[in-house]
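Before any questions on how it binds or moves, here is one chain, the form predicted on its own, in C-alpha cells.
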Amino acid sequence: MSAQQDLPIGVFDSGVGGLTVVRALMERLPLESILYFGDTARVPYGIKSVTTIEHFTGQITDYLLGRGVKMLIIACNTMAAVASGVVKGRAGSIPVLDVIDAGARAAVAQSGAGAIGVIGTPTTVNSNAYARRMHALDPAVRVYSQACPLFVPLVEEGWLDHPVTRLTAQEYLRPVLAEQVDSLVLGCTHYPLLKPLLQEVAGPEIVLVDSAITTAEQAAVRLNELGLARGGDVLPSYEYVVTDIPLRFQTIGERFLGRSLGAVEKVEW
C-alpha cells in the first residue's frame, strides 16, 4: 500500500450533520481512514453571507490539506451550494466530492418520470444548486424544491418519530408531492435521520435519495478509478476535529454517527 493510499479521506461540515456522510463512508468503505472537521463554533452557516461562507470554507480546506488527505468531501449542503469552487481551487490535484453533485446524479439516474423533489435548508433551496446540477445532467428533468427550516432543530432535539415532526413533514411535503414527483432528494445531512418518517409521509412509491449514501458510493468509485483505495489488513483510523465542543455535541454526534465518537480534538482559529 502506497503512502498516498494510506492517507485519510477529509470530510467537513459546518457542524455535526456531516457525520451522516462519515457513517455512510464507514459502511461503504470500511478500510478507509477518515478525518472529520466540524465548524461547531460558527454553525449555522445558512444565515451567513456567501463571502463569509467562502472564507470559512477556505480556512477548513487549508487545514485539512495541511493535515494530509487524499480526498476532500464537502458534507455540508450550504458549503457545497456556494463554496465548492473555493475548495476545488485550493485542492489542486486532490479530488473533491460534494453532497449536492452526488445527490443530483443519483436522482437524475433513477428518476423515471423526470419529476424530482428536493428538500433542504432555506439557503440550499434558495441557491438553486440542486436544480442547476440536475438540469446540467438532464435539461428535461423537472425539479420542485421545498425549504424545511424546522427539520434541523427537530433532528437535533432527537424528535425523529415525534407527532410534531410528523405534522411538520406533512406540511412541508404536501406541495412537493402534489407535483407527482417520483423521487425526493434529502438535501441536508440532518435529514437521513428522518428517513423512516419521511418515507411514511411520502409513501412507498417515492424513492428517497440519501445524499450521504450516494456520496459514499461516489467516493468508492473515484478512489478505485484513481488507484487511491486503501487495502491491507491494518485497521482504519477515525479522527474528529471541531472548533467548539458544545455541551450536547457528544450526544448529537453519536446519534448522527450511530456509534461512539471516541476522542474529539478541538482546534483554535
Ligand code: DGL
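We number the residues from 1 along the sequence you see. Think of the rigid core as the biggest set of C-alphas that the two forms share within 1.5 Å after superposition. These numbers were taken from a predicted model, which means no experiment stands behind them.
The form predicted together with ligand DGL is left out here; the points below concern that form.
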Exercise. Which one of G68, G58, P44, P236 is close to ligand DGL in the predicted bound form, taking close to mean a heavy atom within 4.5 Å?
Worked result: P44
Exercise. At 4.5 angstroms, heavy atoms only, are A107, S145 and S183 all close to ligand DGL in the predicted bound form?
Worked result: no
For this session: Mind telling me which stretch in 134-142, 173-181, 85-93, 72-80 gets its heavy atoms within 4.5 Å of ligand DGL in the predicted bound form?
Result: 72-80
For this session: Answer for L154 alone: is it within 4.5 Å of ligand DGL in the predicted bound form, judged on heavy atom distances?
Result: no
Exercise. Is I116 close enough to touch ligand DGL in the predicted bound form, meaning at least one heavy atom pair within 4.5 Å?
Worked result: no
Exercise. Closest heavy atom of C188 to ligand DGL in the predicted bound form, within 4.5 Å or not?
Worked result: yes
Exercise. Out of 2-17, which residues reach within 4.5 Å of ligand DGL in the predicted bound form, heavy atoms considered?
Worked result: D13, S14
Problem set entry | L235 C-alpha shift between the shown form and the other one of 2 Å or more, rigid core reference | no
Exercise. Is there a C-alpha shift of 2 Å or more at L208 between the shown form and the other one once the rigid core is superposed?
Worked result: no
Problem set entry | Rigid core superposed: L35 CA moves 2 Å or more between the shown form and the other one | no
